[in-house]
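Encoded as structure tokens, the following chain is the form predicted on its own, with no partner shown.
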């Protein structure tokens, strides 16, 4: 069965008969692809060890991260950010709520809305996980020298689909402003 891409973009490379790569735009960036795989493995590895103690996984980490950074976030907005099914989110969210890491409240104007907030316990875990990742990032920036943060930010922003970049940057800026006010 063939994979179906929902995007109308033309792929940079296609799989040819026999599994080889046929390039449509130059050589594949194998080194960067593999470095991203290994960097991601190690970036999430430290938090994974902590999450195991709670029988949580990476989905729990992502949910807790975004809820903590965006207090009062709607479930619908979280679904959009994570790009997962309602069922998947429901299972993970139930565990986080049942164990006291997140609370759900109904909206003041619309009682059908479910707004999400990290509890103090959830905030503490989210900060602990972020601290582990921040230490790894800071070590890497220290090896790269001045300008590393901005270069990494530009690179990662450019990796996001162009039609999503502004929304992602607004989300980050809004969360940053909310945290500096609290």
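None of the values given here were measured: they were computed from a predicted structure. Residue numbers count along the first chain shown, from 1.
One more form of this protein, predicted together with the DNA, exists but is not displayed; see below.
Task: One stretch from 56-64, 130-138, 145-153, 32-40 that, in the model of the complex, holds residues within 4.5 Å of the DNA by heavy atom - done: One stretch meets the cut-off, namely 56-64.
Task: the DNA contact in the model of the complex: residue 103, any heavy atom under 4.5 Å - done: Because no heavy atom of residue 103 falls inside 4.5 Å of the DNA in the model of the complex, the answer is no.
Open item on the list: Although the partner isn't part of this model, could you tell me whether residue 75 comes within 4.5 Å of the DNA in the model of the complex, counting any heavy atom of the residue?
Closed with: Although the DNA is absent here, residue 75 would touch it in the model of the complex, with heavy atoms inside 4.5 Å.
TODO: State yes or no: in the model of the complex, is some non-hydrogen atom of residue 114 no more than 4.5 angstroms from a non-hydrogen atom of the DNA?
DONE: Close contact exists here: in the model of the complex, residue 114 approaches the DNA to within 4.5 Å, heavy atoms only.
TODO: Considering only heavy atoms, tell me if residue 88 and the DNA come within 4.5 Å of each other in the model of the complex.
DONE: Contact with the DNA, yes.
Open item on the list: Need the contact residues for 129-147: heavy atom within 4.5 Å of the DNA in the model of the complex, sequence order, or none if there are none.
Closed with: Nothing in this stretch is in contact.
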